[in-house]
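Starting off, we have a lone chain in the form predicted on its own, written out as structure tokens.
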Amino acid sequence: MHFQWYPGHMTKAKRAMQEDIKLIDVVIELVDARIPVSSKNPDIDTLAGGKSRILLMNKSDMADPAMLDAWIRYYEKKGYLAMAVNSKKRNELKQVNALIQKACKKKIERDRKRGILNRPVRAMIVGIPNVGKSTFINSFAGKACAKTGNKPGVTKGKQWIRLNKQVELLDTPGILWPKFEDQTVGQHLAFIGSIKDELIQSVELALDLIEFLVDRYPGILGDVYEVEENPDSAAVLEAVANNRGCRKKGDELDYEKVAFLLLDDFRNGRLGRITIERPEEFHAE
């Protein structure tokens, strides 16, 4: 399957971000903890320039616990302040405020020496579509100040949000990069729903996901769907369709329906805590 897209509004968002970056002290990037490399926009590294960087691995409740610590170490070695978060749990987000203060410690000290006291730190929050940016902002601010949705691209324009006396947050639309050479990145983004489902071949994607799960997380599909796992992904998908009654009129199996069922179960954590990417696969970078 070939993944490629770059909606026109993404170019506009990227241009706006280049302007907005001058106004802020720290860039907070949200990635999906299940695919911490593929869900990270490489353009942000260029756009952020010399700004302090925080990387939050969101949806940590859906990711493999053993992989979370490994990914935090991976990104800390690259110079980020990194943390795993579940943006739906507000109590976890208190640590984020401390991380922002840590990231901007030098800036706060400079202000103090100049006699500027209690000026809020200005942070920009960035992330590709569907990594949970709006949910994170709403939880962090304690009120529904950013529109949320489970489809990519719900956040359209930028807005400043006063989180507390210490932090002002600039929300931005999710931006994707123009293209990626490695189609595995596209596949992983499609797994978590960051590429609109209308643009993917759902059955082929579901077969790829089955192949991955049978290899890396053997037993999960068998437990959840009560099917026999084997290297034949098509046979496994057929068995899931039979067990879940995914049929068209005339008793024919509905492969589109079962594919979306499987993908939806993965995206919403119903298959358990799964991480698609592992740090050791990226050590060469």
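These numbers come from a predicted model, not from an experiment. Position 1 is the first residue in the sequence shown; the rest follow in order.
Below: the form predicted in complex with a small molecule, not depicted.
*Asks:* Can you check 207-215, 162-170, 130-138, 99-107 and let me know which stretch has heavy atoms within 4.5 Å of the small molecule in the predicted complex?
*Replies:* It is the stretch 130-138.
*Asks:* So the small molecule isn't shown here. In the predicted complex, which residue out of Asp254, Asp45, Asp232, Asp61 has a non-hydrogen atom within 4.5 Å of it?
*Replies:* Selected residue: Asp61.
*Asks:* Looking at Val185, Ile200, Met124, Val85, which is the one with a non-hydrogen atom within 4.5 Å of the small molecule in the predicted complex?
*Replies:* That would be Val85.
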